[in-house]
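Taking the form predicted alone, here's one chain by itself in structure tokens.
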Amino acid sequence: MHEYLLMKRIAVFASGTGSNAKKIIDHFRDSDLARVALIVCNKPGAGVIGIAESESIPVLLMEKEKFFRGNAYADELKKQQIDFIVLAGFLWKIPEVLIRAFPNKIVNIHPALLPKYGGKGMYGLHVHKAVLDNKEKQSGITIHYVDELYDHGEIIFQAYCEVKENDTPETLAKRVQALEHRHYPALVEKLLRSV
């Protein structure tokens, strides 16, 4: 019981299918360091909600007005004793009130090598199409702390993959997603060991 009380509690914010959320849940399933204690979602019916239900993890469904003009659910997250927030395909910009409530305790993964191909509208296949349109030789992932701007906070880690001549946004997305799944859970663990 004592160990359980010392475990860090992670909230995973996701808007879509939840493949990164699932990898993080799996990674911490038998951990004595941390566990995913809450899934936060802004889209009713998103795949990540089904993952949360099958894992018996509570879901907090966010409402836009309260998120952007209220307290950004900071009180609810504190009440749930959340220690660390992991963004995994969450498409809303994080309000300053939440960044202040969790200083250097919110991280995001972006499917490109920031500072290139970041910012508003740069998510999913839009990112990979932009990379291909610019004939980049490599792409990859960026894990970074979250600040009040899209895809802007301090970079913690990057991993690279080759962009192939015959790539489509979909084939490039698959290789980038493999990097996300390989590196994100382990990096979250490393960060949690230092907070």
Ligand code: GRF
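Residue numbers here begin at 1 and follow the sequence given. This is a predicted model, so every value here is computed, not measured.
Unshown form predicted together with the ligand; subsequent notes refer to it.
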> All three of G16, H110 and Q177 touching the ligand in the model of the complex at 4.5 Å, heavy atom to heavy atom?
Replying inline: yes
>> Taking the ligand as it sits in the model of the complex, is P95 in contact with it (heavy atom to heavy atom, 4.5 Å or less)?
In response: no
> Counting only non-hydrogen atoms and a 4.5 angstroms cut-off, does A88 reach the ligand in the model of the complex?
Replying inline: yes
